[in-house]
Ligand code: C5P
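First, one chain by itself: the form predicted alone, in structure tokens.
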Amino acid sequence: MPARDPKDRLIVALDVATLDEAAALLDRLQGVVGTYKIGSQLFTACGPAVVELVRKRGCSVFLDLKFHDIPATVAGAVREALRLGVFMLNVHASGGSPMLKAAAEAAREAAREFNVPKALCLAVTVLTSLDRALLQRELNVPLSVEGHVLHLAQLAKTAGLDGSVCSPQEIKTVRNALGRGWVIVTPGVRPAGSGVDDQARVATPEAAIQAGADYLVVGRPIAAAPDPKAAASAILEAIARA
């Protein structure tokens, strides 16, 4: 089941370039943050060592590599992610049902094989950098962003995944359609007054939690803050209020 403690609902993005930078941010957030997202840049630079770094600090890992390939390849990648002991990982829902089913089954089988908790296997629906104009003009998707997000989330649930990643704007729609058991992880979270950077669909922590998000992913508003620990603590207070 999704976490209820505010500390367990905040995921900080380790969007840095080196292992030393990751360690420095972990040091600054020690005792405040319990889960970290490792994305493509850091994992490509450092590999499994960065997962080990986070886990040695007693923290959990959301491996945000958005696997999207043929079913057998994705299944193999998911299996190796479970071997690393990650708490959460994701795949692109647009890979289709066979790929999604392969990912879900690989997560279950690897958990048994390696005797580890089964990682939450999430579907990425529509990236938060996309808006309706880009979705329709460049990707030739006739649905609205909200409609396409819901379609992909339903596809993922049918395939056996645990939840989906979607922006704050689609939380209510997905929650109402897929119920409380469906895990919703929401990036594009910005405290009031923060810049949106390259995100097109954003909301405050309070709004995202009130809409039904289980976990919030926050990067630059914490990592780039003069005092990351204070910034993270303020977001945790906002989660608790919501």
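In case it trips you up, residue 1 is the first one in the sequence shown, and so on. Quantities reported herein were computed from a predicted structural model and do not represent experimental measurements.
Below, we turn to the form predicted together with the ligand, even though it does not appear here.
- Put simply, Val217 is close to the ligand in the predicted complex: some heavy atom of it is within 4.5 Å.
- Interface membership of Ala13, defined by any non-hydrogen atom within 4.5 Å of the ligand in the predicted complex, is confirmed.
- Though the partner is left out of this view, Thr125 does not reach within 4.5 Å of the ligand in the predicted complex, counting heavy atoms only.
- Checking 24 to 32, 53 to 61, 206 to 214, 182 to 190 against the ligand in the predicted complex, the stretch whose residues place heavy atoms within 4.5 Å of it is 182 to 190.
- Residue Lys37 is the only one in 34 to 53 with at least one heavy atom within 4.5 Å of the ligand in the predicted complex.
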